[in-house]
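Heads up, the chain below is alone and in the form predicted alone; it's given as structure tokens.
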Amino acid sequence: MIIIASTNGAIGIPQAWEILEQGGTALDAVEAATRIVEDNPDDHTVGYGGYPNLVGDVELDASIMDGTTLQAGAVGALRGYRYAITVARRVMEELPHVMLAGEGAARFAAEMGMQSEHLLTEQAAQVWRAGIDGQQPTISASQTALLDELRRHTANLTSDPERVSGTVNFIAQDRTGHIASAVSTSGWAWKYPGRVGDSPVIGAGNYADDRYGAAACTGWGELAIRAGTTRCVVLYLKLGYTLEEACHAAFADLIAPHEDPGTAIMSMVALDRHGNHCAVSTSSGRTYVYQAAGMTNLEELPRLVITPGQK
């Protein structure tokens, strides 16, 4: 048994570990762990208290994947429901779809009996107002004029995804060897309304397959979407690469040959079917956490630093 996570997932690992120790599934473990992070108002990258988009609305992205069946569920640009990961799981289990977005995702959450609520906390709202120099939406301003003004004030802020974005990643393998992965985020702070990142895109920000392994990303989601980063990791594992080699190869594909590697900001956690774990980042000083059989507490480890584009 093992569970790995981005560092901000540390608060969710104890409950997830208890589920695994009691014979629960990897799928249940990653959902439970993610909900704890979504519940944390001090984490402004996920769920309740997440940083809002340009116009002050919190929009959530999430996905969950069952490595045994390859079934997956996801939501994008979800408003009004903090447990985006649970909505994603219900999409997987209740619908013939993989992803719902926007109003459709919120409608489905309501139909599933979930409680709607206001997700923008005062603390997050203060940061948002400071970030846009006090330019708040007003009833008298037209939507077009408002967005133009916000874009002007936030151009520098949103050019640094590492500063204004974040995600929680969990990957677990239960005592039967089954693997599941979960990703949840409030996305890129001050993003354009309706923007959907890599977190709910299966194969980009999240992928799991019992036969080979799993991976989950955080960072500049657009890069992972166009490169299919997490699916690449699993494919490289299928081809016989070691886990570290697979992560290096996937990061080599993040940017085009003419692009500056310094503009690519990405981190990833990964696990192979043997329980080997690895975490990588384009930035130094990043860490991840894990707990495995025989450990009484989680451990925090440094991530390997990889320069995108290098083979």
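Note that residue numbering follows the sequence shown and begins at 1. All of these numbers come straight from a predicted model, not from anything done at the bench.
Only in words, not in the display: the form predicted in complex with a small molecule, which the text now covers.
Listed residues W220, F108, Y241, W128 were compared with the small molecule in the predicted complex; W220 is the one with a heavy atom within 4.5 Å. With the partner left out here, the small molecule still marks one of 111-119, 197-205, 173-181, 230-238 in the predicted complex; by a 4.5 Å heavy atom cut-off that stretch is 197-205. When the small molecule is considered in the predicted complex, G166 lines it closely, a heavy atom lying within 4.5 Å. Of the heavy atoms in G187, some are within 4.5 Å of the small molecule in the predicted complex.
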